[in-house]
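Next up, structure tokens for two forms of one chain, structure 1 and then structure 2.
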Structure 1
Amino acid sequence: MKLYCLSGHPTLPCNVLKFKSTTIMLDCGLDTTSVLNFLPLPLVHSPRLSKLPGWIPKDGTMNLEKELKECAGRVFVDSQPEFCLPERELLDLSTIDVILISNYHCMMALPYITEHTGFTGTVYATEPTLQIGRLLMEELVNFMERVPKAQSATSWKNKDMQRMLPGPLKDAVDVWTWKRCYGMQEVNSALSRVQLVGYSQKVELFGAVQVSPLSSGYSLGSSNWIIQSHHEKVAYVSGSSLLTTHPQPMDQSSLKNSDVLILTGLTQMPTANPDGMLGEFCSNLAMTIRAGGNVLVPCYSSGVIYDLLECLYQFIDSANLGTTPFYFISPVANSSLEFSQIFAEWLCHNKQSKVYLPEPPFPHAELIQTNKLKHYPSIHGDFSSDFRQPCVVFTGHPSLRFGDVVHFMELWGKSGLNTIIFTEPDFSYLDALAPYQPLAMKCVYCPIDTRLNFHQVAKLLKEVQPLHVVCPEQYTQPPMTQSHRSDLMLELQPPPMPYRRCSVLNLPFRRRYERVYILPELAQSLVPTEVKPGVSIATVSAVLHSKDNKHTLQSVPKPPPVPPTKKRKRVMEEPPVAPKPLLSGAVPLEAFLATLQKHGITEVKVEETADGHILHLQAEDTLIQLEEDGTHIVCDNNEPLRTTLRDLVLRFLQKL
């Protein structure tokens, strides 16, 4: 069993498991942190960005002024943002049989994997994962296509040139493999391969293994996966949460008795309590509005935003924010808000029960009805006529490199009354803000990450007790910024097996058993013999038939009758060779010595060994080794004696 690791990002995994002749990809996360190296894409022409000076090296050897721009001491690429893809050279992606998706954040690289690689397999995901994943992909494509860039910067990627660049461009990994965003045609083609599954539904893969999704408690439809054969079990845990938020709670009991547990997607903010962050979010938002400023919340169009809106719904009246407009701007804003209300069976019990009242499970429906929350596809059109300040705007993208958020950064960045509140943990807020510096607006960092922290994982692993744990190497050491915090790492016995991008792990377990079926007519012909109380054995002569990883014992076919010929020849039919009988039992030492004595063999020297006894027949110069699993008679040039001794041994054994 092998594990190929195609992504180095612990919360955006992409691994391939080779297990019992099947090749299974576990998630295909897209590392979008690479976009922080690019200049923002403004929806409206930005004089500030267009006037940024080109970067000129001190020695003047490279001419990259058109590709690289300097802003507040940092150098950025002036081109369409590009993404860091999962590794595509480590193994042939066309050999992948299935892709298992755990949540909608971990499927954003799917079009890069399924299109243009020769992939012909199936993708399995839950319905909310597919539908919300489609929205996030649509939004990403829309953000990119709305602001096309005429030029494409490639010269800076040259290895010799990159070495000369200032950090962080100098340290960027595998830049020559970075790719621009896919188009809607590729998205539709990739998603047409998805087959929907429900929690605990068992899916057979070629008769070899069975895969089954379990609720992971992190987001709508998010799953952990069980991959098992008749005798082995692998658990894949990715993006799970034990907190009580809107999704169904995590199914922990089904993870028990795993031979290997692959662990990814832990919290990126182990020291930040989500409840505390929500409180801080609300209080900073209220302070800014009361002071007459605007609040900008860069966020994804699904996920934490549902919890933020629910929190604000409870907070608005007590904080006297009843008249403050809330705007949600995204090309998929309407679909996202509606989808969250219709996936009732994927929600926690509390929200499920509201559907039967009937009440919408999420309170943002009421915010929309009362006109407190308005949603728009973009800043153009209706929004510009409805827009009034001070207000709160939820919009994407959290990287601040594309989407409507770029416009608000340019619009509100110069005033100290306004506040930007970061709630998504995927990007460093300092790097996100870098191309907008110098910035007057206040910045608040409230990362809300509900995924498992190290304390919760340690408790979970104690309960489910897998034999082996595999995890990203980042989890086996404390964070670089807090090297003294040994509580921010996995400490297990035996230690977990760490992986990094491009590593191939031989997982430490061997398949020892295989299930074989026996046909009824063959079973009927068996004659069991009891070898000890409650245990019977029968010998069988059969043909082993293997097809689609299913093994069956069938009766040996009878030879076809010989066709008669004109010349009568006497055909000598060879009788079928009967199999040698199997022997079971043990030879008791005292009784065997007494039998030897009866047959005139009296000079016997007995020597005890680790496995049994050695009998030295001194007069006959013969050795008899009596062991638990076999008996050996060593006798030179005395065939009658050897035969006699063999027959005496056989008296004590049972023939099967």
Structure 2
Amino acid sequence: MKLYCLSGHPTLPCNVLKFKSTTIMLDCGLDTTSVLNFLPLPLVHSPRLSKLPGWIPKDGTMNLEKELKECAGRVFVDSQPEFCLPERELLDLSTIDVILISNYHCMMALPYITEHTGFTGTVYATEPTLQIGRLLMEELVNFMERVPKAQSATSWKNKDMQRMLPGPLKDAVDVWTWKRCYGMQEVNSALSRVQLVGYSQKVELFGAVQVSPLSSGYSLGSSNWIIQSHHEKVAYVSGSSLLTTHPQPMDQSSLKNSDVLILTGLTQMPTANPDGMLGEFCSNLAMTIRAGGNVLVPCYSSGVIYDLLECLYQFIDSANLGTTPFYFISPVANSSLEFSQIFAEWLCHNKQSKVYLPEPPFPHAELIQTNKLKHYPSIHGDFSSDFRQPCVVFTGHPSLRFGDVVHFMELWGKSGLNTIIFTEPDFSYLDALAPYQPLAMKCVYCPIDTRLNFHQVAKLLKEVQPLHVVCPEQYTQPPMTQSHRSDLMLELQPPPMPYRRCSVLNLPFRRRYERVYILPELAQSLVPTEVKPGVSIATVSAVLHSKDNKHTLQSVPKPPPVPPTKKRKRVMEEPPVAPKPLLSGAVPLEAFLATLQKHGITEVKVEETADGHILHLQAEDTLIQLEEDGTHIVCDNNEPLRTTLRDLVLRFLQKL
């Protein structure tokens, strides 16, 4: 059993598990942090960005002015942003049988895996994961396609060139494998391979393995996965949360007793308490609005935004923000808000019971109805006529490199009255802001990451007791910036097996048993004997059938009478003859002598030896050596006697 690790990003994993005869990809995360190296894509022409000076190296040997621009001391690639894909060379992607998706953030690389690779398998995901994942992909494609960039920069990727560049470009890895965004056609084709599953549904793969998604509590439809056969169990934990937010709570008990637990997707902000951050978010928002400024919240169109809106729903009136317009701008804003209301089955109990009334589970329905929250597909169109300031804008993309957020950065960046509040933990806010420097706007960083922290995960592991834990190497040491915090790492006994991008791990499994089925006819013919109190045994001779990875045992068929005409053609294979069983136990002397007597053998001379007795059957001139762990019959030229004696001895022994 092997694990191939195709991504080095601990929260955007992509691993491949070879388990029994199946090849299973676990998640398909797309590392988008690479886009931070690129210049933002403005929706409206930006004089500032277009006037940025080209980067000229100190020694002036390279000419990359067209590709690289300099802003506030940082160098950016002037090209359509590119993503860092999961490793595609480590194994043949066309051999993958199934892909299991744990949540909609962890499937963004799907089109790169399923398209143009020869992949023919099935993707399993829950319905919310599929629908919201589709929205996020559509949004990404839309962001990229509505501002096409003619230029595609590649010269800087040249190894010799890249070496000379300033950081962080210089340290970026595998830049040659970075890829532009996929198109809608690829998205549709990739998602057409998805088969929907419900929590705790048992899905059989080729009869060999059963996979089952479990609620992970992190986002709508998010799941952990159990991959098991009758005797081996792998738990795949990815992006789980124990906090009470909108999704159904995490199912912990089903993770118990796994042989291997693969742990990914822990919080990226182990020191930031989500509740505290939410409070800070609200107070900063209110402060800015009161001072007459605007608030910009770069965010994904699904997920934490539902919680932010719910929090604001309760907060708006008490903070006297009743007249402040809240805008949610995204090509999928409407869909995301609508979809959130129809997945009652996947929500926490409180929200679930609302639909029984019947009321929409999320209060943003009311915010929309009362016109406090308005949503638009983009800044163009209706929005420009409705736009009133001061206001609060939720929009993407959180990297600040593309999407409508770029426009608001250009619009509001120069005024100190305005505030940008970062809530998504995926991007370093300093890096995100770098191409907008110098900036007068206030910046508040309150990342909300509800995923498990180290304390929670230690407790969880203690509870579910896996034999072995596999995790990204980042979790086995404290974060680089806080090297003294030994509480911010996993400490386990036995120590976790760390992986990094391109690792191939041999998972410590010893398969000892396999499930087989004894057909009723055979089962009825078995004769159990009790060897110890409560323990019985029976010898089994059977025909083994293996089909679709299922093994059944049938009775040995009686040899059919050979048709006389076909005698010469030996078509019939010899029916398998059962070998003689092993024997156990001992032959008690007195009882044996009595039995011999019954069978007319009376003249027996018994001689005691060190290990037992020697019986001399004088009339028959035969010796029987009886010992604790053996019986030896020496009998010449008298086959009937020998077989009689044999059968008498066997009466006292157990057959295995």
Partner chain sequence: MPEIKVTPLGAGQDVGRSCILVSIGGKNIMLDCGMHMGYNDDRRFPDFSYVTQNGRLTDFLDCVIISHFHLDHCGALPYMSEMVGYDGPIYMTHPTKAICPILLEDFRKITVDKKGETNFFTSQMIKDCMKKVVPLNLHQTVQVDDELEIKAYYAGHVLGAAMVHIKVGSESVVYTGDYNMTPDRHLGAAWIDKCRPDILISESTYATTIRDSKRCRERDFLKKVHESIERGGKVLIPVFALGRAQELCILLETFWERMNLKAPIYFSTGLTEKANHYYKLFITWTNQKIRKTFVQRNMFEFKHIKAFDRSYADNPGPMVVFATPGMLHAGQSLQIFKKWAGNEKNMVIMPGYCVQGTIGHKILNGQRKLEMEGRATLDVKLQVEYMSFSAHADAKGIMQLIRMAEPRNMLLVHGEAAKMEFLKGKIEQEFSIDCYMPANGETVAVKTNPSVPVDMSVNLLKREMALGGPLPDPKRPRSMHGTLIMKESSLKLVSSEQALKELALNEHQLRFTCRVALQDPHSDSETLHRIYTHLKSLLKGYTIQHLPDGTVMVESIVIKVSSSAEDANAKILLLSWSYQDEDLGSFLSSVLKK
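These numbers were taken from a predicted model, which means no experiment stands behind them. For the two forms, the rigid core is made up of the largest set of C-alpha atoms that agree within 1.5 Å on superposition. Residue positions are counted from 1 along structure 1's sequence.
Between the two isolated copies of the chain, the form predicted alone corresponds to structure 1. The two forms, fitted on the rigid core, differ between the two structures by less than 2 Å at the CA of Ala150. The two forms, fitted on the rigid core, differ between the two structures by less than 2 Å at the CA of Lys20. A displacement of 2 angstroms or greater separates the C-alpha positions of His599 between the two structures, with the rigid core held in common. After superposing on the rigid core, the C-alpha of Ala586 is displaced by 6.0 Å between the two structures. Taking the core as the fixed frame between the two structures, we note the C-alpha of Gln524 moving 3.9 angstrom.
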